[in-house]
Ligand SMILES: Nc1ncnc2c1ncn2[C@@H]1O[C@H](COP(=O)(O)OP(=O)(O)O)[C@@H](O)[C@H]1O
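Here's a solo chain for you in C-alpha cells, the form predicted on its own.
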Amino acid sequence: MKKILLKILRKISLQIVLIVIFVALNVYFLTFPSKILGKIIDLLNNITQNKSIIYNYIFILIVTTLISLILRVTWKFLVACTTRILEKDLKDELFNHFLKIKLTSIQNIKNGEIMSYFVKDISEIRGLMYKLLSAGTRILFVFIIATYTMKNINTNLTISALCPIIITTYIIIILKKYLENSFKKSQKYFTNLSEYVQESTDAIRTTKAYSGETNQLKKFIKKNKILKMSNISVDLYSTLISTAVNICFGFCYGITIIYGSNLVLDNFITIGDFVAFIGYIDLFYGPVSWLPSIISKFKRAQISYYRLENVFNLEEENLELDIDENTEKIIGGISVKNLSFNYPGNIDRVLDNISIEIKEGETLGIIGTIGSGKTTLMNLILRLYPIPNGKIFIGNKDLNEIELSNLRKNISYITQDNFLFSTTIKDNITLFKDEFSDSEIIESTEKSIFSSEINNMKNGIYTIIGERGIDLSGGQKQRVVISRAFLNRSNIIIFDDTFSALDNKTEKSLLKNIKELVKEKTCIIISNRISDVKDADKIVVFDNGKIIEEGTHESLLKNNGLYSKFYLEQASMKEELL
C-alpha cells in the first residue's frame, strides 16, 4: 500500500507543488486587506491631506482582493483534480489487485466488504488528501505568514492572543482518541450493513418466494439502528471538538480586545494596528476551526489505510493480465497422479489419491455424488488452488511449470455457476475480448442452440441482459456460457455440469455439436446425468473424493456399481415422466 501511494504521489507531485505555491500566495495576499485597512484608519485623522493616499490604498485593496480570488479558484480547481486522480488510480490498483489475489485469500471476503473498500475506504483517503491540500496547507501558511505579520505589530500581544490555541490543541488530542474508537465501530457497522444489503438484494427472489420481507426488514432496521447510534457517537465527539475550538477563538478575541485596547491607550500601537491585528485574528478562525475536521479525517483515513493495506498484502497469483495474442498453445493430454487435496484450514480430504489419464483428443466423463470433489479437481487443473509438484501434468509438463496466464488462456472452462454480466450477450460470450467478429459470435450461438432465441430479440447479440443474467431463463444462461467453448480456440475444454437446465431435445442437439467441437481436443465433461457422459471415451465415477469406478459406458453398466445405480434411477425417472 505504501509503495502504491508513493507511486501515485510521485505522479501528482507537480500538481501538489503548484497547489502549495498558490495557497501560500493566496494566504500572503489575504493579509493585505487588514494591513491596508489599518493604514487607511490611521490616515483618517487628516482626510483632506491624505485623500490621494487613501484612494491609492483602496485601489491596492481591490487589486489584491481580485488576485486573492483568482489564486483561490486556481488552487481549489487543482486540489479537486489532483485528489480525483489519486482516487481513480487507487481504485485501478485495488481492482487490478483483486483480479490477481489467490482464490484461497479472497474467498472469505464478502461482497459488501469489498464494496466498502472501493467506496468508503478510498473515499476516506481522498478526503484526507483534499483536507491536507486545501485546509492543511492554509493552516500552515496562516500560522507562518499571519503570525509573522502580527509579531511586527506587537510580540507580546501576539503571544497572548495565540496562547488559547495551544491549550485547545491539547484538548483536541485527548478527544481524538475517543473519536477514533467511535469511528472504528462505525466503520465496522457500516461494513456489516453493506454486506447485509448486498446479500438481501442478491436473494430478493428467494425472499419474495418465501414471504420473508418482514423478517428481512426487521434485521435491516436493527442493523441500521446500531449504525445510527455509532454515528451519533462519532458526531458527539466531533461536536465537542468543534465547541472547544469556538471557545478557544472567543478567548483569542477577548485577549486581543482587552490587551490590545490598553496598548492603544498607552500609545504602543496605533488604532490602525489594532484593527489590522483583529483582522489577522480573523485569518486564524478558519484554520483553527478546521483542525478537528483534519484530525477526524486523518483518523478515518488511517483506519481505511490499514484496511486497504491488509487487502494489498493478500498474496497474488503470478498472473499477467494483459492479453497476449502470441500465447503459446498448450497441446497434449492430462495426467493426474496420486493427487490428494484438502482446502486450507480444513482437515478433511476433498480428493483422496486420485489418478486419471486423459490422452490428447479423448473425452473424459466424470460423474458422481454431490460434493465428491469433481469441481475441486477442475479448480486444481486451473491452479485456482496451490498443488504440489508432480501431481498434475499437461502434455507431459508439470502444471506448476506452465505460466499461469498461459495455462488459463489455453483452457476453456465452462463453469456450473453460469455467471453473467449485466451487459450485452456479445460481451458475455466474448468476455469483453475484441478479437472475435460478430459472425464468429453468431456461429457460436448457432452451435450452442441459442441463435433462434437471439434472433427473436430486438438487438440480437447486442441485447443487454439484466444483472447476473436475470432476464434469461436457466437454460438460456447455460447456452450463453456454452457459446464461449465454441468461440474460443482452446485445445482443452471442460464442461462442469453445464447442461442441467436444458431439455432433452436441446441437450441431444448440443451434445452432438460438442462431439464435433472436441475432435482432436482434450475434453472433460462433468455431469450428474448419464446422458451427458455416456458417449465419452472414458468415464470415472467419484464418491467421497475417491474414484470408485472407471471405464466406458457399457463396461460400467456391467459392473452393477454406483454408475449402474445412477443409470437405473434416471431411466426409471424418464419412464415415470412418460
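From 1 onward, residues are counted along the sequence shown. Not measured: the values here are computed from a predicted model.
Keep in mind that the form predicted in complex with this ligand is missing from the display, and what follows is about it.
Proximity of T375 to this ligand in the predicted complex: non-hydrogen atoms within 4.5 Å are present.
Taking the partner from the other structure, this ligand in the predicted complex has a heavy atom within 4.5 Å of a heavy atom of V350.
In the predicted complex, this ligand sits within 4.5 Å of a heavy atom belonging to G371. This ligand in the predicted complex is not approached by N313, whose heavy atoms all lie more than 4.5 angstroms from it. This chain is displayed without this ligand, yet in the predicted complex the stretch 340-348 from 470-478, 286-294, 172-180, 340-348 comes within 4.5 Å of it by heavy atoms. Residue Q416 is the only one of S335, Q416, S422, S451 with a heavy atom lying within 4.5 Å of this ligand in the predicted complex. When you look in the predicted complex, the only residue of F251, Y385, F268, F190 with a non-hydrogen atom within 4.5 Å of this ligand is Y385.
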